[in-house]
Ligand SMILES: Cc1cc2nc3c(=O)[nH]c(=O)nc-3n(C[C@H](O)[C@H](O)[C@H](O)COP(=O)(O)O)c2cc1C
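As structure tokens, one chain now follows by itself in the form predicted alone.
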């Protein structure tokens, strides 16, 4: 095993950290944000994820400093494309989305042309988001993984330079110092999620956490078919 890799090493501190980690709401983030050196550490950590085919099916767009303000015009125009009757106050609110935290990192899922299924490549981009959050936390910063409406707005995605049908926002990761300690929230009960395989036993599928009767959010997986044909 290379000295630069860890595949199996006991770390009670890391385990305790994973069992207690908590996202921090953007409304509770303040300056200062990460330094350039800390940012690069986070990005290196984000790239060390399981990656079938070694495709790196993701990339990053960094919004820091004045860049968070410069993007506000595009956010305003994108929101108007969805809500043409929006009030000036609402437009101001939506335009300032990236100003809520000192640093915002867009993780873009870019599906590569490969034998590796598109779904696996998308999951890889999600893993990059999670590693980014963990690295930010380990450096002493709060982080929150969000999408919100602008992650799915064609106008805003085009402004960022995303290729339609192939590139999608896996998440916007907001990072900053914290103004308060977040409270714990309810966590899943393992009894409602874990199955030990038995051929004649029905699966437990987490029904306790379903919002039965409320229907499902739309599944926009058409692009999976587009990229695999």
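Positions refer to the first chain, counted from 1. Since we're looking at a predicted model, the values are computed, not measured.
There is also a form predicted together with this ligand; it is not shown, and the following applies to it.
Taking a 4.5 Å heavy atom cutoff to this ligand in the model of the complex, the contact residue among 170, 29, 46, 39 is 170. In the model of the complex, this ligand sits within 4.5 Å of a heavy atom belonging to residue 21. Residue contact with this ligand in the model of the complex: residue 113 places no heavy atom within 4.5 Å of it. Interface membership of residue 87, defined by any non-hydrogen atom within 4.5 Å of this ligand in the model of the complex, is ruled out. Shown alone here, residue 147 lies within 4.5 Å of this ligand in the model of the complex, counting heavy atoms only. Considering this ligand in the model of the complex, the lone stretch of 137 to 145, 87 to 95, 114 to 122, 72 to 80 in range is 137 to 145 [heavy atom distance within 4.5 Å]. Residues of 171 to 191 that come within 4.5 Å of this ligand in the model of the complex, judged by any heavy atom, are 185, 187 in sequence order.
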